[in-house]
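A single chain, nothing else alongside it, follows as structure tokens in the form predicted on its own.
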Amino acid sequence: MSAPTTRLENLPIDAVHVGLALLVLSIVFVLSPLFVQPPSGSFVFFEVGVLFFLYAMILVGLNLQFGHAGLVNFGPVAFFAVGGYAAAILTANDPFQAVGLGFPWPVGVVAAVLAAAALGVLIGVSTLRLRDDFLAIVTLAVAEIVHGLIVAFRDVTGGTVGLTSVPRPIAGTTDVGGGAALVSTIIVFAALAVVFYGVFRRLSASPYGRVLRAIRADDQVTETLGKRVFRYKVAVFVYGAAIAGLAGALLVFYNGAAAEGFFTIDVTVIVWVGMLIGGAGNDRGVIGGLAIIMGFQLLTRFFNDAIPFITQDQFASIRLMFVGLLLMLIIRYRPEGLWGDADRLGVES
């Protein structure tokens, strides 16, 4: 480990305390008459920033599942979608072609977490005894099933049209323009992401985290040491599901709507690629990997204007090919990721 990295690791700063302080400041900022109106040309950066912090919340849960416990979950978007639609259905007020019960938005937040956690319990109890490759297939299938149900039950979810008239609690605190609401939203989401990063980092650094790493290394040996391996796996799976559900609720409250296009397989691909680039099991590394992949997507977005003979759909496909190529290079030459530990992950660097 390099000297700068060691000094950074030894800083007497706890991410939970930093996150809670940021959360309090963000709430004070949102409720105050002070608003920041960003330049109109910077909106795209703020919008990507909003998604970055939501995906970071999903990623810290996924990193605890795979990076620390070795659970291959290819379906985080399923919990993201269940949380989003649970919040939207409960809080939307007279939506078009869908169910909206009109409850206050805090009810939607609680319901999103509980619904995603309940799905996590159901899937975890029924699948976590499977081998890693079968678990990956099952979780991927669950994600596609959830997406299919959203499209098929259009009387409830709005189908491909989506579910509108969802409250926007943060944007509703200001009437001075969309830019100010966007800045307020990204401050609150950033504070929440830091809080959950700190909580999951504490968990991974505790004796509980050491048990998870023992399970990843050899779950049968861990079982012989008296640890209830299956219970640990289910708990970790539910933690990741619950935080993904919360992220889904925040997304629909940010957009004021829920649509099946928000919850596609792309979400799973981005968080997995970010984790593999950064280094699974390294709490800070995976966030760095997510920043790399989302920064790449943001910067290449502007290249399409310089190539007018390529349509947006074609350019999106080409960009996806480059993401895949980047992932192949990482797996081939740096399988532990940029900041990962090859010995801990059991790979040959």
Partner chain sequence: MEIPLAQEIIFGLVIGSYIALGAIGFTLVYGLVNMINFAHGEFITVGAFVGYLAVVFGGLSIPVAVVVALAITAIVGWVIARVTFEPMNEAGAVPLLLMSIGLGLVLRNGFRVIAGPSRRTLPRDVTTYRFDDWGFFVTSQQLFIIGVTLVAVVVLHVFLSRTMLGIAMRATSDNEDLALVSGIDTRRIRNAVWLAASGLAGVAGVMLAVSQSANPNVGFGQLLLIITAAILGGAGSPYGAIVGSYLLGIGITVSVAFLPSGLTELNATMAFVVLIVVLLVRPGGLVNAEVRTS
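What you see is a predicted model, and the numbers here were worked out from it, not measured in a lab. Numbering follows the first chain given and starts at 1.
Keep in mind that the form predicted together with the partner chain is missing from the display, and what follows is about it.
Though the partner chain is not shown, can you say which of 107, 199, 149, 205 has a heavy atom within 4.5 Å of it in the model of the complex? Of 107, 199, 149, 205, the residue with a heavy atom within 4.5 Å of the partner chain in the model of the complex is 149.
Since exactly one of 213, 154, 168, 227 fits, which has a heavy atom within 4.5 Å of the partner chain in the model of the complex? That would be 154.
Stretch in contact, per heavy atom within 4.5 angstroms of the partner chain in the model of the complex, of 244-252, 122-130, 108-116, 183-191: Of the options given, it is 122-130.
Using a 4.5 Å heavy atom cut-off, are 137, 313 and 317 all in contact with the partner chain in the model of the complex? Yes.
So, residue 223 and the partner chain: in the model of the complex, are they within 4.5 Å at any heavy atom pair? It does not: once the partner chain is placed as it appears in the model of the complex, residue 223 has no heavy atom within 4.5 Å of it.
Interface membership of residue 277, the partner chain in the model of the complex, 4.5 Å heavy atom rule: Output for residue 277 is no: heavy atoms all beyond 4.5 Å of the partner chain.
So in the model of the complex, is the partner chain close enough to residue 144 to count as touching (4.5 Å, heavy atoms)? It does: once the partner chain is placed as it appears in the model of the complex, residue 144 has a heavy atom within 4.5 Å of it.
Considering only heavy atoms, tell me if residue 324 and the partner chain come within 4.5 Å of each other in the model of the complex. The answer is yes: residue 324 has a heavy atom within 4.5 Å of the partner chain.
Residues in 252-285 with any heavy atom within 4.5 Å of the partner chain in the model of the complex: Residues within 4.5 Å: 269, 272, 276.
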